[in-house]
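First, one chain by itself in C-alpha cells, the form predicted on its own.
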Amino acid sequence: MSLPRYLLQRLFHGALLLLGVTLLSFTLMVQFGPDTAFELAGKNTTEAQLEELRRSLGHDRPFLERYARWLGELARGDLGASDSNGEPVDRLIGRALPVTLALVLPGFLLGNVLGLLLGMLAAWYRQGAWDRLVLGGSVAGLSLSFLVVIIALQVLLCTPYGLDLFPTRGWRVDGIGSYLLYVTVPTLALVIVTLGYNTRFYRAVMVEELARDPVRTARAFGASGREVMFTHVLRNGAVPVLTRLLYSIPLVLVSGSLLLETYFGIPGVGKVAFDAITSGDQPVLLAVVTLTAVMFVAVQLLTDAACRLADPRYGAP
C-alpha cells in the first residue's frame, strides 16, 4: 500500500473514531445526564421558567439536531462556555494544558527511560541475580496503589511528620526553582507507580530480541554487550518500544494528571475534569473527552510514522 493511501486510510479511521467517541460521550452526558437547565435555574424555579430556559439553551431541539450543531461548533473550534462560571472552555483548557504537561512529562520520561534501562539490564543478565532483583522490584511496584504512593510521599517529604522539604499543595510556579519544588513529589509518585509496568514490558521486548539470529550472530563474533544492546537489540525492538511510549502519552496525561492534580490541588486538565465531573459541567466534560480522543488519533498517526521510519518492514504485508 502506498504511503499517501495508507495515511488517508488512517485519517479516515481516525475520523470514524472521533465521530464515535463524540457521539457516545454526547449521548451519555446530554441525553442521559442531569438536566443542566434545572441546575442553572435553581430549586425555586417554575416549570414554565424551566421550559423557557431550555428553549433559550436549545435543549428543546431533537437530539440529532443538537449533536450536529455541537459538531459544527467543534469543527469551528468553538467549545462553548463552562456552565459553572461562563468562561470559554477553549480558554480554560488552554490555561490548564501547559500546567498538566509541565507536571506529568518529567515523570513520564523518567519512568520510561529508567524502565527501558532496567529492562535491558535484566534481559542481558537473564535468570541471573540482576534479573531476579529487577523482576522482584517490578512486582513490588506493580502491587502499589497510586493513591497510597502519593499519600506516603506527601507525608514523608511535604509535612512536619517527615522531611518537610516540598509544598503540600498548590502550583505557584514563577521560575525553575519553584517549578522543581512543586513538580518533584508528583514526579516521584508517577515514576514509582509506572516503573514496574515499564520495566517488565521492556524486559520482555529485549529478551525476545536477544534470541533472534542476527543478535546471536553478533554476540558470536565478539560484539560487546553495549554494542549488542544499543545497536542491535534496541534498534530491532524499536517498534514495540515506540508503540508503548507514544500510546502511553494520552493515558498518562489524562488518568495520571486526574489523581495527581486533584490530590495536590494543581490547576491542570485533570483538576478541570474532576471539577467538571463533580459539578456536572457538560461543556467542559465534552471538551476533555474530545481532546483525549484527538490525542489518541494523533498518537496513532505519529506512532505509524515513527515505526515506519524506525523499521521499513513495519506495516508490510
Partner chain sequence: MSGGALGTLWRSRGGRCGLVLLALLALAAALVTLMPASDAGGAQWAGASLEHWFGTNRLGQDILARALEGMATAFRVGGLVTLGAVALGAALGALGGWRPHSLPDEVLQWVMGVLDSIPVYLFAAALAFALGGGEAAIIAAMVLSFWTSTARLVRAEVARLRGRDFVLSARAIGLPAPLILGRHLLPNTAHILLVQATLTFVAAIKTEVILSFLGIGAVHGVSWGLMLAESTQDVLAGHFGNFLAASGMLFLLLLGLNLVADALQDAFDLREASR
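Because the structure is predicted, anything quoted here is derived from the model rather than measured. Residue numbers count along the first chain shown, from 1.
Below: the form predicted together with its partner chain, not depicted.
A single residue from the set L50, L57, L259, I249 has any heavy atom within 4.5 angstroms of its partner chain in the predicted bound form; that residue is L259. Annotation: in the predicted bound form, residues V134, L234 and L302 none come within 4.5 Å of its partner chain through any heavy atom. Partner contacts here mean any heavy atom within 4.5 Å of its partner chain in the predicted bound form, and among 81 to 89, 182 to 190, 200 to 208, 225 to 233 they occur only in 200 to 208. Residue contact check for V155: one or more of its heavy atoms lie within 4.5 Å of its partner chain in the predicted bound form. Its partner chain is not shown here, but in the predicted bound form it comes within 4.5 Å of a heavy atom of S255. Mapping the unseen interface onto this chain, I93 falls outside it, with no heavy atom inside 4.5 Å of its partner chain in the predicted bound form. None of the heavy atoms of A68 is located within 4.5 Å of its partner chain in the predicted bound form. Scanning 267 to 292 for heavy atoms within 4.5 Å of its partner chain in the predicted bound form gives A273, F274, I277, G280, L285, V288, V289, T292 in sequence order.
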